[in-house]
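Considered here are two forms of the same protein chain, supplied as structure tokens in two stand-alone entries, structure 1 and structure 2.
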Structure 1
Amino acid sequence: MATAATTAVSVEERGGSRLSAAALIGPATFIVAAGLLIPIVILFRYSLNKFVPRLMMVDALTIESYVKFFTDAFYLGVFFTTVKVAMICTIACLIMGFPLAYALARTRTRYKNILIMLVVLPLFVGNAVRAAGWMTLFGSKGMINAGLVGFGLVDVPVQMMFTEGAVIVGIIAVNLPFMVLTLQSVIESIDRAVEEAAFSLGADPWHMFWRVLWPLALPGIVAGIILTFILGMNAYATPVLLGGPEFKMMAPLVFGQMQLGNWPFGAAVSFILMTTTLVLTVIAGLSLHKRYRR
């Protein structure tokens, strides 16, 4: 009798808890599902529509926009420029980010929190503000050119604004904090004793790094590479401001097409951007994992 009563209560409680679980997570799930998943489905549907210059968009089921993208030399050029820039920036972020991440992870100063905040702050002030900083440095009368001319290294100011190099420098600065933070958290989880063990067995710092630290930090390295690559592929403000109107990457292309009113093509480019990013990310993750699996 008592057992039956307890069972009845617990069943009732389970029913109640299911209800309260749904009440707790329901609103947030609804907002994200309705506000993100449905729009992405509609976006895909739009990319299969037809664009007729004066009618704007006509309902259709065609892959015309995708074919147009992959057969036009201009758009293919934009595509490969974007992939190239993202790759260069990712490699540079890894090389520049590792020492800083290691120093931050292993430092014993009381100012560690301040140092971390200095890495996070630029990340939060926005890409446009940081581009403004680079514009100040890169201008024909900017700080770098003033220095170069002042020291007599060049006679006329070097054209730095509106070049691919400027965009790459800008995107590296944007993505570097992400790489540093990702690497720092994984290095912190590696026991310092393994480094000491390598040293006491006679390894020099380079071998310790290459044979001990690198393999142990690999999950974080892969995560950092993936994150910075995604950000590089999708950069918007930096190529617009530092690359100028002639320099085109994928994200500004999407915005431009949508603004021109060519919704099907804009939607298609948006989808190509998202898919390429995902596919390359998965390949990078898999191949790195395979190579270093022991």
Structure 2
Amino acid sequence: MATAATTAVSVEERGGSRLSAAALIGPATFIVAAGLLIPIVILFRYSLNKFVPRLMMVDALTIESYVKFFTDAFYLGVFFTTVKVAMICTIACLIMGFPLAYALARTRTRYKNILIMLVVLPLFVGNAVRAAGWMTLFGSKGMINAGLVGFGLVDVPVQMMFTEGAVIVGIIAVNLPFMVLTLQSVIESIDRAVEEAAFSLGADPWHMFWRVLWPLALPGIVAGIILTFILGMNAYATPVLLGGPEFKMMAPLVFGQMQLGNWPFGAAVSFILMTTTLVLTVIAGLSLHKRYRR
């Protein structure tokens, strides 16, 4: 009887604690959800309006903005360029970020906090400022070209600015700290004894990484991939400054259409960008979880 009463009390306490937690986070959740969903709904409604040059945006229910986007080779080219650049940057950040995150997670030096701060430090500088720094390196009279010409490796400066490669390098530099910090926190939570056990059972470093460390670090890998891919898809300052007027990605395209007053088409491009980003990140996350769930 006493045991049953104690169980009933504990169940009641758990139910009350859940109710209290829901009451505490409910208002904040509602505010955040409303702040996210209401603009998205308004954006989608704008995308269904009609653009008339002299009247700007006219209320309507038409999908002509979406038809225009998917039937125009120029806009499809911008779309696929954005996806390609975001994927390349995400893969590069994962390849470069994993070893650095592992080193930070496993180091036992007393300067570990300083090393982490060095990774965080670039985040204190705006994207435009960092892009300007890359411009001084990639310019025709920049440090790289000056060195190449000075050592006689090239006769004329190499065209580095206003290229896809410059944009990719700039976006990787922006996104890499996010990947490293995400992976580092997850790898740090993995018991080092698991790796030592794999080595003691005869695994070489590659098999230990692929069969033990990678699956255990998968939550951080998925989070890092999603974060860096979203940032890459929505990059604005870096493509504008390093890519120049001829290189187009989706975020600068949205701004350009809004600047021209074509709000329906700009809203449609924004909605396509958001939907594509969400769909691709969900597919990537589900694929990785399905692959390594066994």
Partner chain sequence: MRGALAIDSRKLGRWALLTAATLAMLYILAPLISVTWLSFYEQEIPSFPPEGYSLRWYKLITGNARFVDGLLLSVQLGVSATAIGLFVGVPAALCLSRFRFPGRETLNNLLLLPLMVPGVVLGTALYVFHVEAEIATGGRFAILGSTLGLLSGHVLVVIPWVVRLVLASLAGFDRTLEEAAQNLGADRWTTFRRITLPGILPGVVAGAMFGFVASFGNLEMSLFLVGPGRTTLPIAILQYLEWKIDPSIAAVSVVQIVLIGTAMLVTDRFVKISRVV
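This one's a predicted model, so the numbers in the text were calculated from it and none came from an experiment. Please note that residue numbering is based on structure 1, beginning with 1 at the start of its sequence. We call the rigid core the largest set of C-alpha positions that still match within 1.5 Å between the two forms.
The form predicted together with its partner chain is structure 1, not structure 2. For L260, the Cα coordinates differ by under 2 angstroms between structures 1 and 2 after the core has been superposed. Relative to the superposed core, T29 undergoes a C-alpha shift of no less than 2 Å between structures 1 and 2. With the core held fixed, I38 shows a CA shift of 2 Å or greater between structures 1 and 2.
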